[in-house]
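Okay, so here's just one chain, in structure tokens, the form predicted alone.
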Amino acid sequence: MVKPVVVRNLHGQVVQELGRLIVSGEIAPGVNLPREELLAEHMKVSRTALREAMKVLSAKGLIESRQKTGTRVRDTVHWSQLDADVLAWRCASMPTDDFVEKLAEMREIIEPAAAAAAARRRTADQLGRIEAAYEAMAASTDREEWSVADLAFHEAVLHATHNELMISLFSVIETALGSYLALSARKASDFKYSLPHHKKVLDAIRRRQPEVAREAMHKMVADSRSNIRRHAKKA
């Protein structure tokens, strides 16, 4: 289950390997990890490197160590869910329907408000970045190109809010949002189906119409959510 680690940054790779196994559920909450000396031997790393990795995983809320019971995986409620690594591991391990729903709900709360703020505060340069991302979406020839441009569009909108908290939040959820947008494109028969929604958001931001931008973004996110739900039921 646990692969030997054969790279330079040993403790970093131990973090990645164990973190992925825990978040994917291969090592379930409540399960005790092997004793330090056994785990270090199996992963072919020093006990020092293993201890450093355990400190990182503990800080992320994934594990806890106790003298008598050893190190065990904590329940998901204790995980740092917005930690960039934790989000990346969740997205890399085939996200569950429940996780996708929670991402969709987070988008519905944040992105319409961000679009309204962008319509009020955007600069000419920021509008240009949103337009460039939209044009890249329109010109895309496959789902990969579309997904990259789609993520750039939403990033540009968030930057145009001039709200450093929203901008910082994007840097945390970027991996998860990118995975969500790619999933939405994969589930659609025409991956460009949401282009008209993006055009309405762009036009409202260009015309400085906050409430129109808010409503357009809300419809876009809700439509994406419905698309994923619809195809999940068929699967």
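Since the model is a prediction, treat every value here as computed from it, not as a measurement. Rigid core here is just the name for the largest C-alpha set that superposes within 1.5 Å across the two forms. Start at 1 with the first residue shown and count on from there.
Same protein, other form: the form predicted in complex with another copy of the chain, not shown, and the subject of what follows.
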Counting non-hydrogen atoms within 4.5 angstroms of another copy of the chain in the predicted complex, say which of A132, A92, L82, A138 makes the cut. L82
None of A88, V148, L127, M106 but one has a heavy atom within 4.5 Å of another copy of the chain in the predicted complex; the exception is M106
At 4.5 Å between heavy atoms, only one of the stretches 22 to 30, 192 to 200, 37 to 45, 55 to 63 reaches another copy of the chain in the predicted complex; which one is it? 55 to 63
Though only this chain appears here, would T69 touch another copy of the chain in the predicted complex if you measure heavy atom gaps against 4.5 Å? no
Using a 4.5 angstroms cut-off on non-hydrogen atoms, would D75 count as touching another copy of the chain in the predicted complex? no
Contact flag, R143 vs another copy of the chain in the predicted complex, heavy atom cut 4.5 Å: no
A113 within 4.5 Å of another copy of the chain in the predicted complex, heavy atoms: yes
Contact set, 152 to 170 vs another copy of the chain in the predicted complex - heavy atom within 4.5 angstroms: H162, N163, E164, L165, M166, S168, L169
Checking T69 here: with the core superposed, does its CA move 2 Å or more between the shown form and the other one? yes
Aligned on the rigid core, do the two forms place the Cα of V221 2 Å or more apart, comparing between the shown form and the other one? no
For A114, is the C-alpha shift between the shown form and the other one 2 Å or more after core superposition? no
